[in-house]
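In the block that follows, a single chain appears as structure tokens, in the form predicted alone.
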């Protein structure tokens, strides 16, 4: 793909903004759109070229990237009356959103009907990874398409070609996010138990992180966002619930029971009800803290 080719980017939230910044810093011209005018203003200030609608992006660019929060929004952006599928220029859609296997297959069929390539391409690594270009980029499409766009995907991190069928990358991402949320949930219970017993939470994490209980929550999320009381790791409870719910629904459709995953989903649902869907998913610990009447904080 030519470096001077103008690209499209739709969805300028927590992940979209830093990903767009990396594109612009790499020397790409990018046509941008988001329904949130403030997000659009911020992206324009980074150097993005403002569009008036999703369709406007599809009338101006051949390759369009999506970073959107839900399956329904992706379906609307691609398939509505003013969606990408009706654009005169668009040839390829690269979808960084986490939307689940069935939605990815639906979008792929929709795109094929309009002779548009769809690349199922969710990412993991959070806002920090989006800004530093260290995301895990999970890609499901033909090997030819993967090789054709690999240099572009390298801007965001390390691309992994996980399969030829759209939906396979979604399965990979949902498995990862289930594990991530489960780590936060079980770490919350362990840390609250230890704190209630009189242990120093900071020392607990120090010991756990050189012992067999180490996980991504004890290494990164708790030191940054729980011990400090900021609960600001950068991924919302609402999106966490959506991802775990998608994972369990798809597992059950394949006949796979998810006993522990269902418990994590219940804990996220309770956290969402208590603190709101925009709360950080590390607020799972706040839920357990409230039950135990103790706070896991630095002394």
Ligand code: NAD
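Residue numbers count along the first chain shown, from 1. Keep in mind the model is a prediction, meaning the values are calculated, not measured.
Same protein, other form: the form predicted together with nicotinamide-adenine-dinucleotide (NAD), not shown, and the subject of what follows.
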Does at least one non-hydrogen atom of residue 126 fall within 4.5 angstroms of nicotinamide-adenine-dinucleotide (NAD) in the predicted bound form? yes
Touches nicotinamide-adenine-dinucleotide (NAD) in the predicted bound form: residue 15 (any heavy atom, 4.5 Å): yes
Does any heavy atom of residue 261 come within 4.5 Å of a heavy atom of nicotinamide-adenine-dinucleotide (NAD) in the predicted bound form? no
Should residue 239 be classed as touching nicotinamide-adenine-dinucleotide (NAD) in the predicted bound form when contacts are defined as heavy atoms within 4.5 Å? yes
Would nicotinamide-adenine-dinucleotide (NAD) be touched by all three of 35, 76 and 97 in the predicted bound form, meaning a heavy atom each within 4.5 Å? yes
Which of 57, 268, 65, 68 has a heavy atom within 4.5 Å of nicotinamide-adenine-dinucleotide (NAD) in the predicted bound form? 68
The unique member of 51, 248, 30, 39 whose heavy atoms fall within 4.5 Å of nicotinamide-adenine-dinucleotide (NAD) in the predicted bound form: 39
Pick from 184-192, 201-209, 76-84, 160-168: which stretch has non-hydrogen atoms within 4.5 Å of nicotinamide-adenine-dinucleotide (NAD) in the predicted bound form? 76-84
Judged by heavy atom distances of 4.5 Å or less, which residues of 231-254 approach nicotinamide-adenine-dinucleotide (NAD) in the predicted bound form? 234, 235, 239, 242, 243
